[in-house]
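Heads up, the chain below is alone and in the form predicted on its own; it's given as C-alpha cells.
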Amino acid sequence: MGSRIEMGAPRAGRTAAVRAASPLVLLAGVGKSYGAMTAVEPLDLAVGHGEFLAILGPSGCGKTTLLKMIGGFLAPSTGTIRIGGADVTRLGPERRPTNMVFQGYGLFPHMTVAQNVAYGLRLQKRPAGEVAERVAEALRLGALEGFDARPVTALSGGQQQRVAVARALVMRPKVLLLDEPLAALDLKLRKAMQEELRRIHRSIGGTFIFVTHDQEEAMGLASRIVVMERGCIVQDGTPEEIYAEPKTRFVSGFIGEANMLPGRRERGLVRVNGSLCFPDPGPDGPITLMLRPEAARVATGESPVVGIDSLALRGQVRDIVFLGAVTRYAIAIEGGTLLHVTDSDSELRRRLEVGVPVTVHWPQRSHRVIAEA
C-alpha cells in the first residue's frame, strides 16, 4: 500500500538458520515465578526480523506471561531479554522498541479515532505536522480513511480492533505484540480481522508476536508457531510442520483434530488395537498412533481395494454428519474405539448409512507414531 510506517525489518520468510544467526528478539533462560508457583519455566526463544510468530496454548500455559515479559509489563524472574541486540530485561514498556495491542483494545472512549491513534505521539510531544502525517499513514494502513473524526464508541468491534492496531503501529515499534487480539470478536469478524492483520504484516514487513489459544487462528496467521504447555515450549515450527509432525500427544490433540490409538512398539514392530501391526523403528515401549481425520478413507465391501502401502482397520458406521464441503463419519472399530474420518466424496455419502460395516484405510506415511514417556 506504499505506507511509510516502518518497523525496522525485512519481510517474513527468513530461514531458521538466519533467525538463529541474527534474531531481532532473543530470550535466554527467561522464566517467571510467583513464590512457589512457576508460570513460565526458564526457556530460550529467538524471533527473526519480519516473522509473524504465534505463541499458542491453552489457558494457564504461560503464553500471556511470556508476551508481557517481552513487552516489559512483567519482569522475568530469571534470564535476559534482548531486542535488536540491546539488553532490555530491566526496562519498562515505555523504554522498549515494542508496542502491545491488548485483548480489550484499551481505546479512550471520549476520543475520536484520530485522537486515539495520535495519543502516544502527543505524549512524546512530536511536532503537529509530524503527528498529522503519521496518523494519516496509520489510518491508511488500517483501512480507516474517513474515520478520523468518528468517536470510537460509534465503531464496530472489527473497526475498533483496527484502531488499536493503528495506534500501536503509529509508534513504529520494532516488534508489535498482540495479546489475544481477536478473542472478543464473533466468527465472521475474526476471519475478516485475520485477513486485515495478514495484509498489514505484508505491507510493512514488520515483526509480529501474538498470543492465542485458537489453533485455527494461529495456523491462519503465523509463519511460525510456538506451542506452550504448563509453562514450557513443547514444539516450535511452521504451521505445516506442527500439524503434520507433532512431537507429543498434547500437540497432536491441540493442533487440529486427531484420532489417537494407543499401542506398543517392540523390536521395531508397532501393534495397535490388537489387529494392526506394522514396522516402525524406535525404542520399545508404549506409543500413540496419531491419524488426522482427513488422511483416512472409508471403503465398503468384503474385500475393499486399498493401496499396497496402506494400513486398514475394520469397523461399523456409528454416525454420519454432513458439514457442507465434507462429511464426517464416526467409525467404531474393534474394542469400541471411534475413528473419525472426513471425506468430500458425495457418492460415498449416498452409499453409507449407520450400521454398515466398512474398512478404514490410510497410507502409512499419513500417520505419526509418538513414543509415550
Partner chain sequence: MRDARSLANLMLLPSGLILVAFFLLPVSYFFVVSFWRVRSYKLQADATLDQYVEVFTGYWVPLLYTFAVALAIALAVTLIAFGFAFYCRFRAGRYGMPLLFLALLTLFGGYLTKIYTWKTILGAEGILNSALMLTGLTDAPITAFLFNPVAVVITLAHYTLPIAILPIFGSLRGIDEVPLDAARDLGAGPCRSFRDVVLPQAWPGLVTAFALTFLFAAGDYVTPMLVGGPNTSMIGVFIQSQFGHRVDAPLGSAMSFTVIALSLAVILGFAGTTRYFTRVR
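Numbering follows the first chain given and starts at 1. Note that the structure is a prediction, hence the values are computed from the model and not measured.
Below, we turn to the form predicted in complex with its partner chain, even though it does not appear here.
At a distance threshold of 4.5 angstroms between non-hydrogen atoms, E94 is in contact with its partner chain in the predicted complex.
Though the partner is left out of this view, R167 does reach within 4.5 Å of its partner chain in the predicted complex, counting heavy atoms only.
Its partner chain in the predicted complex is not approached by T78, whose heavy atoms all lie more than 4.5 angstroms from it. In the predicted complex, its partner chain sits beyond 4.5 Å of every heavy atom of P283.
Checked against its partner chain in the predicted complex, the residues F250, Y243, F278, F73 give one hit for a heavy atom within 4.5 Å, which is F73. Just one of L291, V152, M100, L182 comes within 4.5 Å of its partner chain in the predicted complex, counting any heavy atom, and that one is M100. Note on the interface: of 226 to 234, 109 to 117, 197 to 205, 265 to 273, the segment with non-hydrogen atoms within 4.5 angstroms of its partner chain in the predicted complex is 109 to 117.
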